[in-house]
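The data below hold one chain only, encoded as structure tokens and taken in the form predicted alone.
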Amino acid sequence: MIDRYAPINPKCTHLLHGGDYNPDQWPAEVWAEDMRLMKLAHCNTMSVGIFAWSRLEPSEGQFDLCWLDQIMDMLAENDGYAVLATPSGARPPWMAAKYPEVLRVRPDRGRNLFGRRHNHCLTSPVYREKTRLINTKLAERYRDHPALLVWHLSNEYSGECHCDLCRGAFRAWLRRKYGSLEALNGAWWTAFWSHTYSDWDQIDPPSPIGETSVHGLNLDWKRFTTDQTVDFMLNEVAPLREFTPDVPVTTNMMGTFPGLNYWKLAPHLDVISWDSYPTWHRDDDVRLAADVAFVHDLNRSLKGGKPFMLMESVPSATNWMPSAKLKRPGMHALSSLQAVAHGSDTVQYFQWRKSRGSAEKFHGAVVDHVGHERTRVFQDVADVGRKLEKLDAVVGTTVRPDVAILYDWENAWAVNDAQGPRRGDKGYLDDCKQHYRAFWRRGIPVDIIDMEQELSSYKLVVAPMLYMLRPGVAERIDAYVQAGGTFVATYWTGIVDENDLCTLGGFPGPLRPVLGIWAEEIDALYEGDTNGVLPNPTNALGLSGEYEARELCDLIHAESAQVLATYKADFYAGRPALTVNAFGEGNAYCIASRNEDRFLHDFYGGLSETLGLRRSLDAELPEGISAQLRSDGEHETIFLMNFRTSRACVDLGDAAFTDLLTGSPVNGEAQLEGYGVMVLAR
């Protein structure tokens, strides 16, 4: 098992620190000052050229890379590196004017005018040809340049197109998947509302002016959009692989963005990167910190534990939020090091220098409009840079958790498309994060996986609201539990197959034997309604008292399962609310209702003791304190973070550490100021 990975690129063995740099927006006399300021900010890497197509190719076939030559040379001369971008995220005006097919068509079948970002057709042969050409020019030009560190594909792939080209590609995709209309009609249950298709050309993507109620169609359109994005991405990456096979490739993702299944993109990337913009200081920083940690762990998990890149964050205010609230003192360093704690080998920003005009001129940046280093934000960034320079020991290290939480994009699509038991967003992602928080608060590392991943390395696998079961998934869960694993399911599990067709013979479908229950009905409570969950006095997990259930309550029958808790009220009072089923060498639990945080805290507390789940730090963590481990299998580094505004103390017992940020020994008790962080080495 790999416990230490090579650096992102062997050219640089340090943590990367920098940001999105747009010299194409500025006159050349500013560039030398940028280089001076980068050194003062302790930045070593800049993302360059992300939206520079108009400057790189000002008219069709007329390329100007001389300015980029200067930037690449200046970075190299100043001991800096480039995350060099392909510019496909925003096409130049001349292209849209000459080739209108490159512009997207909306679901209402109207074609967009030129403008914005990601307003391009992923299927268009013209756009693919133009993208491949400019990428070839960049790869040929800079393949041996000392500053080239990483390729940055496009920017935040997203969106869909409904033009004739895309609709035709969708039909071809369906032909390959189903082979016959008979198979498609069966999978989509098109006899409903007399929607049976008799010709492939009758099939159109979902549209507000057409079909939206065939759930199999909706699912397959989303799958197609992901596959078409991957296909476009592979067209982009081909010349980069040809001319620079040793330069890693990434594209910046957007957390749990619902439009694309990132597990399909991940195999084609050398390193994962993502853009993080939390709304700190709005409500509860502690809860938000856990939610952000969930997404960091997801990005680490996308490549099996390999460190990722924090490609974009903001050093001050995010201008497109409802309120552009500034980060309070200490939060920039804390949130930056939180990313590193959970597996990032970079801290990068959007943006380096504030734009003078257009939509993001008030978005936070390292260099403000005043143009010098004598600002609070610049000094915050420089402080982070100095801290990162002390953490070479964590580069390439990772964590091997005992716990996995299953968050699956296709399941999310299907759950939210279902017309019941609640309309719209049914809280699937929130459920996953709620279960995650119970481990985060204890300092127990967690992987975030989808339903296709291998389970055998985990002691505990948690699958909230596993509504959809794709082929083979139930069999893998059965085998995992049979072999001694512990599996936790919840309400609204095993309801449909991969085509969103309901399971026949009783829910949770193929998981019925391993869970040992039959789910007969589900009660969707009105807002403000609650029920109670009453643990049996003899339950082995130590649950006691009464817990609040809200929103969703599954009415289940215990078949082979043992009942650990029951409902308190309503016509299903006394019915099972929590069960465990011994299955082979392992156990499978079912939590039948959506319960308050306190229930999950106590439930997973009992399980963590029973299973001996590994913690990042063998200490009780006060509320708001997070501990996260990175290791090479021999040496451990523990990030201890305080997401409260007040001082907190952590009893370390007899353990002795050194704080890598200060070089000071830490024994007995660790004292963290508000928004404070320590990086402890044993």
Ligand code: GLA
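Remember, predicted model here, so these are calculated numbers, not experimental data. Residue numbers run from 1 along the displayed sequence.
The form predicted together with the ligand exists for this protein as well; it is not shown, and the discussion that follows is about that form.
- Is there a non-hydrogen atom of Phe657 within 4.5 angstroms of a non-hydrogen atom of the ligand in the predicted bound form? No, Phe657 is distant from the partner.
- Would Glu236 count as touching the ligand in the predicted bound form under a 4.5 Å heavy atom rule? No, Glu236 sits far enough from the ligand in the predicted bound form that none of its heavy atoms falls within 4.5 Å.
- Query: Counting only non-hydrogen atoms and a 4.5 angstroms cut-off, does Arg143 reach the ligand in the predicted bound form?
  - Reply: Arg143: no, not in contact with the ligand in the predicted bound form.
- Message: Test of understanding: in the predicted bound form, would Trp263 fall inside 4.5 Å of the ligand by heavy atoms?
- Response: Output for Trp263 is no: heavy atoms all beyond 4.5 Å of the ligand.
- Message: Counting heavy atoms only and using a 4.5 Å cut-off, do Glu156, Tyr277 and Trp320 all touch the ligand in the predicted bound form?
- Response: Spot residues vs the ligand: full contact, yes.
- Ok, Phe350, Phe599, Trp188, Tyr81: which has a heavy atom sitting within 4.5 Å of the ligand in the predicted bound form? Checking each option against the ligand in the predicted bound form, the one that comes within 4.5 Å is Phe350.
- The single option of Asn252, Asn299, Thr579, Ser316 touching the ligand in the predicted bound form, heavy atom within 4.5 Å: Looking at Asn252, Asn299, Thr579, Ser316 one by one, just Asn252 meets the 4.5 Å heavy-atom criterion.
- Among 358-366, 428-436, 164-172, 134-142, mark the stretch whose residues have heavy atoms within 4.5 Å of the ligand in the predicted bound form. Every other range fails; the passing one is 358-366.
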